[in-house]
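Next up is one chain by itself, shown in structure tokens, the form predicted on its own.
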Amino acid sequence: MSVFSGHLPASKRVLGFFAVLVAAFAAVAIVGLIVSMFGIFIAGGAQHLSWSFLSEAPRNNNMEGGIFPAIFGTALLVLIMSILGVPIGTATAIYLNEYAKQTSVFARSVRFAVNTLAGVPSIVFGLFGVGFFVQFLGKGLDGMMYGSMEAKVFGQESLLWCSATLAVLTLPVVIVAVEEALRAVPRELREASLALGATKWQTIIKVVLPNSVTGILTGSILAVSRGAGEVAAILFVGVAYSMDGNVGLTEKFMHLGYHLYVLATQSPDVEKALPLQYATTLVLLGLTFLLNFTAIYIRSRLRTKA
């Protein structure tokens, strides 16, 4: 563009300059906003980060002690959410890209459902989790396994149902990311595999998926980023104010996001709780980045081997 810029009219050169200026200003503003946010959190909460804060349970109405149960619960929630959501999202993307006719009514219905899910508020997913996973599925499992729908094993708010709710919430993110990765695999590779006598399923397993595994991991990273900080979706499905004892799949658990919400809205001493809010925010961001960087590292290693 710079080679021919001298032949452009002055008005177009000025317009182009302002377009670049606006884009650069927007980029700098975003980076500055992120840096300022981190600066505020670090300045307000770094001095309260200690081993006891990270390894102890909260005490005295969450105003003393640490946040270890919330850290453990959040990490376990994200792990189970990924185990439940990524395979289903990947399978859906495989169907849409490899098997379904793009003009079929069923494929259009699936895409419409995915697009609709992407726009549903997270609080609606929380109510769905209570109605479907807890009341319908959980109590149904209690009736089948224990002979009573009031056994209160699966038919209650728990870590398992929170993870399932977040898996549903993050499905659109995973499906879109994986489908784009599948589309990026050259069609010639599929045709060569089929020409050599491989079946459609063998081609997908041996050719398509290995060449799109980094895209699948990208979908997982986006799902972790979306799900790790969600609170509204799990507010009624199993998150707890405090914990006594170990966390089980069928029990309530603590979550860093909800712990931060409680500190901000229900603390008896707002000024004393403010530094704890900053420190908890730093831990939540750090945990999210750690999970993301782990997936990014695995993805980069796979790309290197490929």
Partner chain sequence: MAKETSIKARTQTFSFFYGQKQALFDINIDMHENRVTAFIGPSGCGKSTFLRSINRMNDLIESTKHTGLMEVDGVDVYGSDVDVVTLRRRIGMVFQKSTPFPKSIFENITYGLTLTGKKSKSELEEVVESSLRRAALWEEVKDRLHHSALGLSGGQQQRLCIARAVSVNPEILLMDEPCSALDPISTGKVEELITQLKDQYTIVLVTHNMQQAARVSDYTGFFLMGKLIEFDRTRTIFTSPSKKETEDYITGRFG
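Numbering follows the first chain given and starts at 1. None of the values given here were measured: they were computed from a predicted structure.
One more form of this protein should be noted, the form predicted in complex with its partner chain, which is absent from this view; the next part is about it.
The stretch in contact with its partner chain in the model of the complex, judged by heavy atoms within 4.5 Å, is 197 to 205, chosen from 197 to 205, 126 to 134, 146 to 154, 107 to 115. Heavy atoms of Ser193 reach within 4.5 Å of its partner chain in the model of the complex, making it an interface residue. In the model of the complex, its partner chain sits within 4.5 Å of a heavy atom belonging to Asn211. Among residues of the shown chain, Arg183 is not one whose heavy atoms approach its partner chain to within 4.5 Å in the model of the complex. The closest heavy atom approach of Val120 to its partner chain in the model of the complex falls outside 4.5 Å.
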